[in-house]
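Next up: just one chain, as structure tokens, the form predicted alone.
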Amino acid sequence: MYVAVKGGERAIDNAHAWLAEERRGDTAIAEISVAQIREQLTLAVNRVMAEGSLFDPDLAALAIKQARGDLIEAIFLIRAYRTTLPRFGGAVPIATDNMTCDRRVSATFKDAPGGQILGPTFDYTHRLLDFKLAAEGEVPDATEVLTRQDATPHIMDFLNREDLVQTEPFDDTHPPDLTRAPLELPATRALRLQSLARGDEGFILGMAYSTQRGYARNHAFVAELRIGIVPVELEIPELGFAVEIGEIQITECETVNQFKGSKTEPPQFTRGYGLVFGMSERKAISMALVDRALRWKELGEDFVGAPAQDEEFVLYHADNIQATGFLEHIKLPHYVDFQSELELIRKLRREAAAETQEAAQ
């Protein structure tokens, strides 16, 4: 039983005031702006947008500022705000073939059709603290910056010219919307992908790592990882065609995995898929690995008891907002519950003491 705390309004108001003071920090230091967070903490902003299911860099930056850098709290704020927004239509599915790429790499083909674009990446840095950043000096411009590449084809399409990749059936039914309806199992792949895209990056990363360590027999290659801008289009009934209403940055990952075949299908490659808002390649790769692990049943593979293969375990525990709410609720008043437990323990101890005394006599 949960017990409401009465008479604590003044204490709560003081706690809020203290929180605001702690958030602001030393007033002798200039306050960080939402624009600074948006432009200089972009990876944190991208994570909040992805797991909050709302693409708005300004609002995500504001949430990070309000949450004092606690990204899960910021995601909570974004999801809560998202519920207040009216819906006036559904966008046309984005075509990632039309992505203008800032980054596009493949671990399977050195001379990938369309070329490799390293883009802005930590991959080749030495992971040493750069104390020049503490001096807050100007960052030098890159000596050579490649322009974005339009209409970059997918590498998996080239691989499939030899019919080596499993043909995935096209499902034109409208997928359920996880932001408006609760998760139901068994889930379709579309619903699983939604859940993984909104899932906690650390949890999905841990699940993906487990597949690489033998828990799921799921060794994968990154066929392609791409980050870039795609247009968002909305069909206008009065016009009879779709119009572009904006652009979003996304990260897309396709992994290629072996498949030994079955009685009806020859040995071939299968794919795992990940797509998230912003520049979030760790999340996209992790998502693709877990997606592939969860496909064991539809591919007729054996269930080896791996956590990443367990749809219920993965999907019900991936959401950090649900996990946070359930975990943090135990710090709220549970006075009646605890008193009943306390009385039970006292009763059991009295009975045990009485039995011991009788045995001694």
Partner chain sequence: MVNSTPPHSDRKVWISLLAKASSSHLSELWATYDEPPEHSVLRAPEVGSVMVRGRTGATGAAFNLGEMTVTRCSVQLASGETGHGYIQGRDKKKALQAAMIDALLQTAAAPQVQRKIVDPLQARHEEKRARRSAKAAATKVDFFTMVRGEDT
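The structure presented is a predicted model; accordingly, all values stated were derived computationally and were not measured. Positions refer to the first chain, counted from 1. For the two forms, the rigid core is made up of the largest set of C-alpha atoms that agree within 1.5 Å on superposition.
Another form exists, predicted together with the partner chain; not displayed. Remarks below refer to it.
Colleague: In terms of non-hydrogen atoms within 4.5 angstroms, which of the given stretches 67-75, 205-213, 125-133, 98-106 touches the partner chain in the predicted complex?
Modeller: Contact-bearing stretch, as computed: 98-106.
Colleague: Decide whether Q249 counts as a contact residue for the partner chain in the predicted complex under a heavy atom distance cut-off of 4.5 Å.
Modeller: Output for Q249 is yes: heavy atoms within 4.5 Å of the partner chain.
Colleague: Would L164 sit within 4.5 Å of the partner chain in the predicted complex, counting heavy atoms only?
Modeller: Contact check for L164: no, nothing within 4.5 Å of the partner chain in the predicted complex.
Colleague: Residue-level question: is E233 within 4.5 Å of the partner chain in the predicted complex, judged on heavy atoms?
Modeller: Output for E233 is yes: heavy atoms within 4.5 Å of the partner chain.
Colleague: Mark G89 yes when one of its heavy atoms lies within 4.5 Å of a heavy atom of the partner chain in the predicted complex, and no otherwise.
Modeller: Result yes; G89 sits at the interface with the partner chain in the predicted complex.
Colleague: Using heavy atoms only and a 4.5 Å cut-off, determine which of L315, A306, L54, A44 is in contact with the partner chain in the predicted complex.
Modeller: Among L315, A306, L54, A44, a heavy atom within 4.5 Å of the partner chain in the predicted complex occurs only for L54.
Colleague: Taking the partner chain in the predicted complex, which residues of 171-189 have any heavy atom within 4.5 Å of it?
Modeller: D171, D172, T173, H174, P175, P176, D177, T179, R189, in sequence order.
Colleague: After the core is matched up, is the C-alpha of L185 off by 2 Å or more between the shown form and the other one?
Modeller: No, its C-alpha moves less than 2 Å.
Colleague: Taking the rigid core as reference, does the Cα of G246 move 2 Å or more between the shown form and the other one?
Modeller: For G246, whose C-alpha is compared between the shown form and the other one after core superposition, the shift is less than 2 Å.
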